[in-house]
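Single chain ahead, by itself, as structure tokens, in the form predicted alone.
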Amino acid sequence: MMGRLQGRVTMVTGAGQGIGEAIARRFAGEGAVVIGIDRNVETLKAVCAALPEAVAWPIDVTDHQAMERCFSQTVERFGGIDVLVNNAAISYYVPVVDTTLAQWHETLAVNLEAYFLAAQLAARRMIERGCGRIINVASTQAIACEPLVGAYAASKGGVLALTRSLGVELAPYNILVNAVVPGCIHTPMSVINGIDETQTELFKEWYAGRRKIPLGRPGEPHEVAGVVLFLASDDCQYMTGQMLVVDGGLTITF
């Protein structure tokens, strides 16, 4: 039985852990060729080694020249790029009055500028072929904010705006651009200062016990990966510039 992404060339940034790893594994399970990009060499190589057909590119998404080489060599080897998933991200948990300009710049460089660059590199190849999918991973912080993550929230808000703009601009080339908006997902990013936020008493009491998250639990990376798979597959045909919120109902409650 053919997979939903059989033979398609897919590029996933931040593929070494968390949501990116789950996406890479789900894509591979559906027959895709996976090009994994992550700055953590060990975790990325471990993920890609476990997949049927995958190439590990241990580079930093803010290294523009390295990203250009990655895209060019991918096209040379596989003939094109069918799907790009922009997922790599960082966050600082710092009061706005203490956030440094360096932290602001780094956050936007990884979470927004690198998304633009990768989308640009992918779009150039996809336009030539007359089709493609670009999927940006944003965050509920872009639509319902907590304190201490001003740079992160701003970057993810930018991702949603970029998604809409690219959706309009690339539609004539049959390139669909959409965003996935995860809420509280149990990943390494949910560990802050050595504490897993999903295991704290506050989370158990308020978010789970009192159902601030209506489903009463954090999400798992594979649950986001399933939504990304839909956007990358032929099941998604008439949808672009949109966001799909995967948050267990977090942002629909008071």
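Just so it is clear, the structure is predicted and the values come from calculations on it, not from any experiment. One rule holds for the numbers: they count along the sequence shown, beginning at 1.
Beyond the structure shown, there is the form predicted together with a small molecule, which is absent from this document and is the topic of what follows.
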property	result
Three-residue site 16, 40 and 185 fully in contact with the small molecule in the predicted bound form at 4.5 Å by heavy atom	yes
Interface membership of residue 189, the small molecule in the predicted bound form, 4.5 Å heavy atom rule	yes
Residue 133 within 4.5 Å of the small molecule in the predicted bound form, heavy atoms	no
Proximity of residue 87 to the small molecule in the predicted bound form, heavy atoms at 4.5 Å	yes
4.5 Å heavy atom contact, residue 70 to the small molecule in the predicted bound form	no
Residue among 151, 177, 138, 81 with a heavy atom within 4.5 Å of the small molecule in the predicted bound form	138
In the predicted bound form, segment of 52-60, 225-233, 200-208, 26-34 with a heavy atom within 4.5 Å of the small molecule	52-60
